[in-house]
Structure formats: structure tokens, C-alpha cells
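Next up: just one chain, as C-alpha cells, the form predicted alone.
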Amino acid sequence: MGNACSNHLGIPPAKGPSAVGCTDFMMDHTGQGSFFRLYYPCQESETAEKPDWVPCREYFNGLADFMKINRSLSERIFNHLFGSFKIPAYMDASFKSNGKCPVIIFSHGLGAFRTLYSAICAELASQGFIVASVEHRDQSASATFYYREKTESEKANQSVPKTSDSAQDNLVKEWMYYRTLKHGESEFPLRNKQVKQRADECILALDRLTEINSGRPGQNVLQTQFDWTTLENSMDLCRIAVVGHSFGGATVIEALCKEVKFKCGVALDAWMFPLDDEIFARVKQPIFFINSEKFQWAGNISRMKKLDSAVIQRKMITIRGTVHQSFPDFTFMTGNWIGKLMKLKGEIDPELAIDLSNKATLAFLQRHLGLEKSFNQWDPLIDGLDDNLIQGTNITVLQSAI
């Protein structure tokens, strides 16, 4: 399995003072439940394993569907290119923090899933945050799963294989794959419905974390080794932010509108199309747009600018030499020419790009969550003060479009 040149490729390790653990949480088992990968500060571990970046082959199948390529062929290609990569976090390692952790809910982009932004999520966890990376069930993920209860005939027929990672023997794993637009279907109604569901799923994840924090973790359908009781009273629920990429960036705006517990939002190369125009005036929290140089266009930027405010801080920077895929982990996993051919890499070193994005994010979070950290050393990045940054946008937007 894997990639011959992965000795110098791979997801960069987190730079913060804490080691990073991760675990998966699903409650309840149905498609209406909450499913996320949790990243958190942990104890250093000699024994804990780093999990596979892509959890299982069904996710490769989902990526193939999303990219409209043959499943069996693409599974071999993906497995060769990406199969050996690990996430820079220890699976189910013991939680350890010096104080209460601020909380971030992270929303993935179209065709992605919960593990594909581990460079960002692990970095935030290494800096003392608890981060829940939601896997959306709105059919915008390339793949996800839930469980249904066995039928009477399935219970009677014991030849149906047991689901190894499910807590109950009476459940069957059901996969849900990316839903493509039907021929002649209008895109906005679908995406608008999805973005509303996604925001609800972000809020539900926060509700689950709130229960865990209060010592009522409920039952995790997935049988992990992680001890959820160690998270009791571990979270600073006055300091909560929402972060997301692309469709997840739109989800950030929708979630801020729906839930005032989110004190601020960071939208990474946001795709603004799914949002209703009328919600812009209703968002009252600070927002930070961090854009790539190659993805944005005037119509999208003009929708971001509808959130400009004289009284609420709304910031925008653009990272030079970046592409839309400079934010997910894919950008670290291919050599230069394949990366550029597949538009996974821009002109800038991907580690430098993600480092700028992460530091600017941390400075913004310190400012608006009232953290007592040293992230304010990166305050100039919020204003685009760096040779690799553009203040605002590189896109010309006519005033009449705003």
C-alpha cells in the first residue's frame, strides 16, 4: 500500500506545545445523529497508533463518484497515491490539558469527509483547542455512514456479517455517497437545503460536546478505546468558534446565523453560492475570510462583502500562490507535477500556505474569543501584512455588484 516517495510527502506534524490525540464519536446511530472526528490535546504516547488518513475503502469509492471516475480503477490509484498516509495525531490517546479548552466545530468541503483537514485540525488541537470535525450527512460528503437496525429476517439469518466497530450486534452499517446533480436540476435549492442541514449538524455536534462536558457523554455507537469521561469539565463553552472550507465556509456563515454560541467564524476559501441573501444582515459575529488566489471570482467576493460591517469585525486576506485545494490535506500528498496537474498544489510551498492560514486563524480566534495566549504575535497576518499575503482580495469587484 502507498506511495514510493512518501518519505518526503505527508501531512506536516502540528507545531503547538501539546501532543494531539484523535477519536471518532457517533451518536445516535441513525443518519440524523451526530458523527465527528475529535482532535484534542493529549498525553505523549509510546503505544498509541496514528490512524490511516483515509479510514476505509468506501471513502475511496466516494471520492471516485465525486470525481466521476471508475471506482475499481480509482481505488487502486488512490490506494497507491494516498493509502500509506497517516494523520498526525494519536488514535484514542488519553486527554490532557493544562486548562479548559476553547472549542471549534469544523465543517468540510464538498466531496470531502471528516479526516481530510487533519493538518488544520491537529494544529488547532496542539494549540489547546478541542476540535470536532463533523462528517456531514447531507449527501455533500463523498462518503459517510450510519447504522440501521437489522430486519427480522437479517436477525434470523446469522450469516449476515457482524459489524465489528458497532457497539450493538443488531445494527447494520449503511453507506451514504455523494449525490450528484440530476440532469436539468437547478443547483441552488439543493445546495441551500444542504447548507441548512450542515449548520444544524454543526450545532448538534456542539450540543453533543456540551453533554460530554457536563459528564453525560451518552453512548458512542463506535467502539473506540477513548475514555469520554475524561472530557468532563474540560471545555470552555464560553469560547466557541466555527471554521470550515469551501462549502464548509458557507456552513460557517449559516451556523453563525443560527447559533449565537458560536462567537466568531473563520471561512477558508468560502463558496458563498448556497446561502440565502437575506441571512447576511442577520449574522452578528466577527468573520475572517481566508481566501486562495486562484479559486475566487467577483460574484463570490461580492457576496462576502455583503457581510462587511462598520461595527462588527469582518476581515479578509488572500494567500498568494494558493489554489482551492491548498487547505485540505491532499496538497501535502503529491509531488510537484502531479499536485499541479491535479490542481492540489499552487505555486507556494503548501506547508508555508497552511502555516500562514493557521497562524492568522489563531490570532483571530485569540482576538474574538478573548484567549490569554501568545497568538496575538500573528495579529499582522489578520491585516494581510506578509509578503505572501494580500490584504483583502486579488479580485476586482465593481461597486455596483456589491
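Residue numbers run from 1 along the displayed sequence. It should be emphasised that the depicted structure is a prediction, and the values quoted were computed from it without experimental measurement.
Separately, the form predicted in complex with a small molecule exists; it is not shown, and the next lines address it.
- Interface residue among Phe145, Trp228, Phe85, Phe78, judged by heavy atoms within 4.5 Å of the small molecule in the model of the complex: Phe78.
- This chain is drawn without the small molecule; in the model of the complex, the residue among Ala122, Cys202, Ile104, Leu116 with a heavy atom within 4.5 Å of it is Leu116.
- With the small molecule omitted here, the record of contacts in the model of the complex names 336 to 344 of 44 to 52, 336 to 344, 366 to 374, 29 to 37, defined by a heavy atom within 4.5 Å.
- Heavy atoms of no residue among Phe95, Phe129 and Ile240 are located within 4.5 Å of the small molecule in the model of the complex.
- Using a 4.5 angstroms threshold between heavy atoms, Arg208 stays clear of the small molecule in the model of the complex.
- Not displayed here, the small molecule is approached by Phe295 to within 4.5 Å at the level of heavy atoms in the model of the complex.
- Using a 4.5 angstroms threshold between heavy atoms, Tyr178 counts as touching the small molecule in the model of the complex.
- Although the partner is absent here, Ala89 is not a contact residue: none of its heavy atoms lies within 4.5 angstroms of the small molecule in the model of the complex.
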